[in-house]
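Encoded as structure tokens, the following chain is the form predicted on its own, with no partner shown.
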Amino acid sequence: MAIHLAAISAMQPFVFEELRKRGFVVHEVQHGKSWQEWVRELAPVRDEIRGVLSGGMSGLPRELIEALPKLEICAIHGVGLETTDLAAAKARGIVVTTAPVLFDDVADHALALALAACRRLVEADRFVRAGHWRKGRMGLGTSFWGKRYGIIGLGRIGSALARRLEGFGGQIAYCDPVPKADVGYARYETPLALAAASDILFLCAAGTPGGGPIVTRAVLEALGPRGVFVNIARGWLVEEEALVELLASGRLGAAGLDVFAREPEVPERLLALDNVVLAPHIASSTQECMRRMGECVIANIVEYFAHGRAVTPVSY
């Protein structure tokens, strides 16, 4: 008997094609919708769905778990878990897997945002295209070399970023609830203390849903008018209104932002600022990374239904 899967997030076409070749029935629902719409679309096959293919931003909410009585596994195309109800999944015995293969690409993106913000690369591109160079040179940027780099969250992404920063001749420090005994970086107890000792602050932490922002107004103010803030984590981990205000007033030097509090909505005031580099949540969006994540999703589904175990399960 064929195994039915529900795909509630966009993925590379080869993922669904490969699973169908292997005999799975994949029901694709409208991506980017609410759990209520997913439930309505899946209602005709709710008693047949044994697996869900999801993304980090879609996750596996409690309501979808309750709507799919035969659900056994959710394979997430990413690593974010803040929209997944792990307690409800554990209570039902549902296996949740992630695709932990994106860390290097995200670290690369964090570095690119920081460099672009410091050297005003996006502004420079606009300057040249608009013909302003003919009228004179644009203003000076800020050196990235030899700075004090602070990393909030020294997990796999933060660690990959730190290794890259080691080549830039500066000082690396971090803030993480768990001390890292095997690194030579200074550890600060709070994001505020780290920000006060940093020129460029990177947010790489996962955070806890409902736990409030990690990067508050006070943290951003501690960076100061020459400081640079980079976020490749989640927008809701930052006091976004304060971030916009400080950037607009010059009390924060610059920012490189890949994520926002209410994606895909971006605060209107940010769009007019030259001291911020904006990206549409694309830190892991490379051809190679998408391929690796898709292959991980396929491997988890195939291995689970063939042998009763997943390749990269989440530990509850």
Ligand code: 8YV
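All of these numbers come straight from a predicted model, not from anything done at the bench. Numbering starts at 1 and follows the sequence shown.
Below, we refer to the form predicted in complex with this ligand, which is not included among the displayed structures.
Exactly one of the stretches 280-288, 267-275, 245-253, 35-43 approaches this ligand in the model of the complex with heavy atoms within 4.5 Å, and it is 280-288. The contact residue chosen from 111, 195, 94, 79 relative to this ligand in the model of the complex is 79, the criterion being a non-hydrogen atom within 4.5 angstroms. Note on contacts: among 238, 74, 201, 102, the single residue with a heavy atom within 4.5 Å of this ligand in the model of the complex is 102. At a distance threshold of 4.5 angstroms between non-hydrogen atoms, residue 57 is in contact with this ligand in the model of the complex.
Using a 4.5 angstroms threshold between heavy atoms, residue 293 counts as touching this ligand in the model of the complex. This ligand in the model of the complex is approached by residue 234, whose closest heavy atom lies within 4.5 angstroms of it. Although the partner is absent here, residue 299 sits far enough away that none of its heavy atoms falls within 4.5 Å of this ligand in the model of the complex.
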